[in-house]
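The form predicted on its own is given below as one chain in structure tokens.
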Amino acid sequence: MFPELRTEIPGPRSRELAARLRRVESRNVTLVGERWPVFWERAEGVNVWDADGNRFLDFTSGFGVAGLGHSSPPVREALADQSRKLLHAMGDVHPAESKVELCEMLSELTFERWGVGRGKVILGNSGSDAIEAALKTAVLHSGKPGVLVFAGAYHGLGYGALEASALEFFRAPFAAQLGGFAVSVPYPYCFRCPLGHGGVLALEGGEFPHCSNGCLEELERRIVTELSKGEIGAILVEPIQGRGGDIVPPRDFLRLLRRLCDEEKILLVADEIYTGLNRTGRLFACEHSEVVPDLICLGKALTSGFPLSACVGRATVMDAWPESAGEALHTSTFLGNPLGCAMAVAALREHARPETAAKVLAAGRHLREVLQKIPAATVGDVRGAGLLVGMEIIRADGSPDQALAAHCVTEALQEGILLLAGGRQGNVLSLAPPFDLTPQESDFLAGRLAGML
């Protein structure tokens, strides 16, 4: 069931491929070192095999993509069937039928399911594309260029999405080319409260914390100050911050944003590229707070492995776009690719099954429980919802310990475990495994981490 201990990772084949890649790829893309990387050859379920035949347990789902498992049979069959008929169509001129089916399903699973009418869709190729479609929709709808975002946010690396992202690591080298339309305010981060209201707060049901009234009141004051300037046309938010550290905000946070958007008649945009499609134990993370956004951005798990994304909005909001006269204002060559659309339809059918969310909730509960039992002073916080879990690694004084988190990621690779570190200081072990994760596999991870911490 579990990977055998090895003495050589990466193996000779992975080292050879790394050397070849290093010669021809920008040095800023793939980290190549003595103990990194391994090269994937095949994957199934929770398991990945590298080019040397080593097997790994994947606690990343390949950046959150393979929630349904690597090589999910329904998705794989949909891809195979579609590939025999049509690989490419003219997405904004002469589309494929699968594009129609996907847009209909996205409307049904979002705004129709929420009881607020039909949704309309703009498809893209990446999460960044979906965010930029939402940003363009917001300015067409409101006429206001500004967007309110949150500290620690990650919305993608295209220039529009990058302007809306608040992680300085990605922004700083390109600041001179950014548009300056985004305004950032603190994101509720209960373990390291940016609003002066203390440390870790109790979790309700192991999921969402209740924040003190003072915390949200202070945040509301800061948001209202920005909105009063009259330039903000949308609030863009991750219902749970992913790359920023798997941060679960207070349950009333999204409700506060919904109220303020309604009062100001501006748009609430939910970035669910990472959190959507059952990752948090609900089909969409905004449903934990019973909040309906005006626009929702989806990607990653949408196809289980093909570059496709979607910005879905209330029809009345999306109709801010003018009627096409033969040239779309926002499009791309591969818009609505038939392969991706067919895979997405198959994936969404699986995500719509109630047992999928139930599986995630049960697996996530056990994973958090075993991680919380690790007897190490270096574990400052274990938080999350469903199978989006963050484990904050700290020094004795409580400060972020990026070096130890990086050590755990590297050592875990030697143990046959794929991990990623995230967070604003790189000190959070970010766990987003496939939904078929077993209790025994979670126990295996916890045991190995206990020996590293």
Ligand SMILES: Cc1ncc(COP(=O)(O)O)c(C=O)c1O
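On a predicted model such as this, the values are computed, not experimentally measured, just so you know. Numbers for residues come from their place in the sequence shown, where the first is 1.
Beyond the structure shown, there is the form predicted together with the named molecule, which is absent from this document and is the topic of what follows.
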Check: in the predicted bound form, does Ser128 have a heavy atom within 4.5 Å of the named molecule?
Finding: yes
Next item on the list: Examine Glu238 and determine whether its closest non-hydrogen atom to the named molecule in the predicted bound form is within 4.5 angstroms.
Entry: yes
Check: Any of the heavy atoms of His351 lying within 4.5 Å of the named molecule in the predicted bound form?
Finding: no
Item checked: Lys300 within 4.5 Å of the named molecule in the predicted bound form, heavy atoms -> yes
Margin query: Each of Phe191, Asp246 and Arg383 having a non-hydrogen atom within 4.5 Å of the named molecule in the predicted bound form: is that the case here?
Written below: no
Notebook entry, point to check: Among 359 to 367, 283 to 291, 152 to 160, 325 to 333, which stretch sits within 4.5 Å of the named molecule in the predicted bound form, heavy atoms only?
Noted result: 152 to 160
Notebook entry, point to check: Just one of Tyr274, Phe253, Phe111, Tyr187 has a heavy atom within 4.5 Å of the named molecule in the predicted bound form. Which one?
Noted result: Tyr274
